[in-house]
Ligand code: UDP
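Quick setup: one chain, the form predicted on its own, written in structure tokens, and binding and motion questions come after.
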């Protein structure tokens, strides 16, 4: 008996984290996997899928220019409802904390289709930070049937919220699966960016600081302060290379290019596919980010990480001493980055491999538990 599993995602980070699970489920006996893309990060999504040798079965193409969260939610709810009615999946898998994840879960719940939540149980305890992600993951957790938290801490969050233990499987995080798989492939093939890539101009004899930023909670003054800090750091450290793959969101682009486009040692590049981004992380001296996934990836690579946020839903990364929350205050960002660039002892303490989010086998654990659950659920239906 084959079960239809539908995987729904829309953003590049979701695709990266779901790709290794999709690779496993494509080969898993008794599973017919249907990948549904909402088409939010279209160009970036296509490259991720190509990197992992995957293709989309359903493409909803929901994005329009200047779309609001409510507008996106409306489009998703209507199109996913039609898609579920046509495909009739046995379970819908969603990931993390995006609007796609919550709305895909809600649409499935309204059709009484079971929901599996990958990267479940992460919490800050503050619905406004990060916004809207904290609400999305908590709302998804309320209606999900199967929960795949990456850590025991995330499991305990779910237990406190009333989720029964038998519906929880601690698996590690699939982003570590993706990271280790990609790095192994890059190293095996001694891969480097093509000569025409802007990354080819990076010098091997200079340290490189990698920056990413895209969170809605930082839009406006937050991004302005971050960019002012980067400008000051670039002037203070002319022999350090700063690389910033700039997110396509217009609010991010405006803030970044208006402040940083004239800094000669800041390389502003388009968003990079996962192959290039893993190469950048592995090559970086240190990383500054507001990304959730990078908070897990950088410590697993032994890279010191400064998190450009006030709170994190991944407190486990703070326990290893390789990650610091620095917020978006210009002076604090400059101070903490300078400390890592100037003080070899501080740098050494923060440049250790620390991976509380898994060993690279989360996808297999999810597939195994999912397969058992589908079989058990089918037997319960037959018995009733």
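Residue numbers count along the first chain shown, from 1. Bear in mind the structure is a predicted one, so any value in this text is a computation, not a measurement.
Keep in mind that the form predicted in complex with uridine-5'-diphosphate is not shown, yet the notes after this line are about it.
Asker: Does uridine-5'-diphosphate come within 4.5 Å of any heavy atom of residue 71 in the model of the complex?
Answerer: Output for residue 71 is no: heavy atoms all beyond 4.5 Å of uridine-5'-diphosphate.
Asker: Consider residue 16 of the chain shown here, and say whether it contacts uridine-5'-diphosphate in the model of the complex, taking contact as heavy atoms within 4.5 Å.
Answerer: Looking in the model of the complex, residue contacts with uridine-5'-diphosphate include residue 16, since a heavy atom lies within 4.5 Å.
Asker: Does any heavy atom of residue 294 come within 4.5 Å of a heavy atom of uridine-5'-diphosphate in the model of the complex?
Answerer: Although uridine-5'-diphosphate is absent here, residue 294 would touch it in the model of the complex, with heavy atoms inside 4.5 Å.
Asker: Give a yes/no on whether residue 141 approaches uridine-5'-diphosphate to within 4.5 Å in the model of the complex, heavy atoms considered.
Answerer: The answer is no: residue 141 has no heavy atom within 4.5 Å of uridine-5'-diphosphate.
Asker: Heavy atoms, 4.5 Å, uridine-5'-diphosphate in the model of the complex: which of 110-118, 221-229, 199-207, 268-276 makes the cut? Say which one.
Answerer: Contact criterion met by 268-276 only.
Asker: Work out which of 123, 155, 215, 303 lies within 4.5 Å of uridine-5'-diphosphate in the model of the complex, going by heavy atoms.
Answerer: Flagged contact: 215.
Asker: Only one of 233, 281, 182, 170 gets a heavy atom within 4.5 Å of uridine-5'-diphosphate in the model of the complex. Which one?
Answerer: Partner contact (heavy atom, 4.5 Å) among the options: 281.
Asker: Residue by residue through 236-265, tell me which have a non-hydrogen atom within 4.5 angstroms of uridine-5'-diphosphate in the model of the complex.
Answerer: In sequence order, 245, 247 come within 4.5 Å of the partner.
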